[in-house]
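Next up is one chain by itself, shown in structure tokens, the form predicted alone.
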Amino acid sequence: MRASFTLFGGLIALVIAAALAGLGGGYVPLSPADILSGLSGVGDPRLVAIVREVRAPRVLLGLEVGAALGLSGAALQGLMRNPLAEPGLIGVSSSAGLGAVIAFYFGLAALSPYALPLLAMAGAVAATLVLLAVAARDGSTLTLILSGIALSSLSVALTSLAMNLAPNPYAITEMLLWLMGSLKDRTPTDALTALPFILAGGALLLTAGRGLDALALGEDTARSLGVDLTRLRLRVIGGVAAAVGASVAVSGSIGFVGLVVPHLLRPLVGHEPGRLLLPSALGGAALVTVADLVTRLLPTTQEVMLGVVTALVGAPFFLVLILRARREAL
């Protein structure tokens, strides 16, 4: 119990530190006093605008998106009993991105602020259902990865087709932004639009902890403990779809967060899927916020996209996991 309090305390402190660094770091460095003045709306109007209109929405979205991706990755790994499951790796994020691209292509995003998150969530639901069906038949790591690659390839192909047939350059630009992933130029409205869906999805996933712990012992054991596996699957599917879909709708596809964070934290919670959920949300929030700060601090002529940074970190990490799993299997 004491170890749990220490872990949560450390993660909460890390999230707070990441948020403060995100508010203070950038082209114009700000002191803690400047941040406080900017948030309260007093002092230099330029600093107030930087804090409230530019950095605060980015930090808030970074916390939201990171928490959603970290939590979703941990829940998917527990549901499929596969440590390599992750929304981006298994095609959920790319399918959600396809839904967002469809909203842009048909002009639905301009008609309603909820069209984009709803279509993104619909894409995430479709991909998650397909993967769940595959996992039920053959839950091997190789089958899951190949199925994810197939879903990602199909989503990318359909997205490329939409870009090829896009009616104007503005639509193509918006599609590319969502494909690469970024928190740049986001507004408080974006953060508030995604928040209800992420909170709803996160609540569903957090309530699945007991069922995931039982499922780790096997499906028969979980049933004997009174766990309704159908309801558990639907709860995780709905939660992942809502959280990932809303995240993609406001930030684009940001991969590997749901893979890296649970793997780093799993040994600290005794490898229990239920206990891993909330720490993964906190760790994901800190990771995405710090990664977004890195995109602003890199000495490049144009800001590097957030999805590129997470991929550069996550891809080698995933390769190490594959090699480790292969050694353990020998």
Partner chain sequence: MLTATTLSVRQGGRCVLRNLAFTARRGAVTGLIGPNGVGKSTLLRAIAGLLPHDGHLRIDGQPLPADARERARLIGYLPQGHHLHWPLTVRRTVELGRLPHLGPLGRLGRADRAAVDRVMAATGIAPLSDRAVPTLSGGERARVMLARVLAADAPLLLADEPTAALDPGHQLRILALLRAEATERARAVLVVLHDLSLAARSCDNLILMLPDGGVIAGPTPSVLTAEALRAAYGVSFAVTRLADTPLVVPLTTAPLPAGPSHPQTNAGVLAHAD
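Nothing here was measured: the structure is a model prediction, and the numbers come from that model. Positions refer to the first chain, counted from 1.
FYI, the form predicted in complex with its partner chain isn't displayed, but the following is about it.
The candidate spot formed by 91, 155 and 159 lies out of contact with its partner chain in the predicted bound form, as no residue has a heavy atom within 4.5 Å of it. Of the candidate stretches 101 to 109, 210 to 218, 193 to 201, 162 to 170, only 210 to 218 contains residues with a heavy atom within 4.5 Å of its partner chain in the predicted bound form. Interface membership of residue 270, defined by any non-hydrogen atom within 4.5 Å of its partner chain in the predicted bound form, is confirmed. Within 4.5 Å of any heavy atom of its partner chain in the predicted bound form lies no heavy atom of residue 189. Contact annotation: residue 143 falls outside 4.5 Å of its partner chain in the predicted bound form, judged by heavy atom distances. At the 4.5 Å threshold, heavy atoms of residue 227 reach its partner chain in the predicted bound form. With the partner removed from view, the residue among 97, 78, 239, 181 that has a non-hydrogen atom within 4.5 Å of its partner chain in the predicted bound form turns out to be 78.
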